[in-house]
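Presented below, as structure tokens, is a lone chain in the form predicted alone.
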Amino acid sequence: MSELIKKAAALLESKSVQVVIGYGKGTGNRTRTIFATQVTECENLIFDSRCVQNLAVYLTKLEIKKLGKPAIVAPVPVLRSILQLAVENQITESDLVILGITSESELIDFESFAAIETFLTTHKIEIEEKYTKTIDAIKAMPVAERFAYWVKELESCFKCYACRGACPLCYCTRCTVDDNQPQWISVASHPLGNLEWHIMRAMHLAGRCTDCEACYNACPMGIPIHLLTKSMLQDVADNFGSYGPSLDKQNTLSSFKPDDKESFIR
């Protein structure tokens, strides 16, 4: 994208930003994240269908903040994550410059987070039918069968936490699973420990997940952990009418309304 390269280079040259976070060529047919700090490095920027990493994950990293003000290449999933981070007071409009990318791979400028929210009203989260069918089939299982299903699916998890590392909304400087006094979640990757970790993570993302699938894409074992967060998206929408980030909306599990449905409580 020549327009993207030109815009990124201009931002660095004018010193409007000190680093451009974007996508570049990786090994094989893969892409990787690049951090361009020199104008000439912008030539390495690319954008195509392979660019699935959620770059918003870097906006809360201390190492990246030390580089200076960033510009970030932001397709729709990244835009959703930027908005959610703003809702949670993790970033402000003055913290970054957004190089938005539309679904048609066109460059678009956003002057404010409110402009992003307006744009996203026409790019709402829609869970694909192939996923909804699988989720509905799992939910229809008897409890014991459903439990056995997830024990089996999570069997190969060895707690590498790549899912956590790839998620822009797992930004805690110290995670519950890193604490051993007291130890809330078992460190060992046995059936109970794996269930505890993935269920806890899904609950922490309830009403916050932006459906970018970064967790699933990062999993070296191909575990369908994105089904958990997609299912939570459905549950939140069904019970609280909430689906996707909004600047005037509180987080689902940290807010309460007297007219909230309670039918989800078993």
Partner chain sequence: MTEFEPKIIAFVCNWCTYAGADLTGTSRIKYAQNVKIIRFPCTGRIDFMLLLKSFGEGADGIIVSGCHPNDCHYTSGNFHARRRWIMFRGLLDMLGIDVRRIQYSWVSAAEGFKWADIVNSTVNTIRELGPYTEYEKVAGYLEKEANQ
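Positions refer to the first chain, counted from 1. This one's a predicted model, so the numbers in the text were calculated from it and none came from an experiment.
Below: the form predicted together with the partner chain, not depicted.
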Proximity of residue 52 to the partner chain in the predicted complex, heavy atoms at 4.5 Å | no
Would residue 135 count as a contact of the partner chain in the predicted complex, using a 4.5 angstroms cut-off between non-hydrogen atoms?
-> yes
Would you check, heavy atoms only and a 4.5 Å threshold, whether residue 41 touches the partner chain in the predicted complex?
-> no
Partner proximity in the predicted complex: residue 95 to the partner chain, non-hydrogen atom cutoff 4.5 Å | no
Have a look at 114, 125, 76, 195 for me and say which one sits with a heavy atom within 4.5 Å of the partner chain in the predicted complex.
-> 195
Is it true that 176, 228 and 253 each have at least one non-hydrogen atom within 4.5 Å of the partner chain in the predicted complex?
-> yes
Where, among 68-76, 114-122, 99-107, 183-191, do residues come within 4.5 Å of the partner chain in the predicted complex by heavy atom distance?
-> 183-191
What residues of 128-154, in sequence order, lie within 4.5 Å of the partner chain in the predicted complex by heavy atom?
-> 135, 138, 139, 143, 144, 146, 147, 150, 151
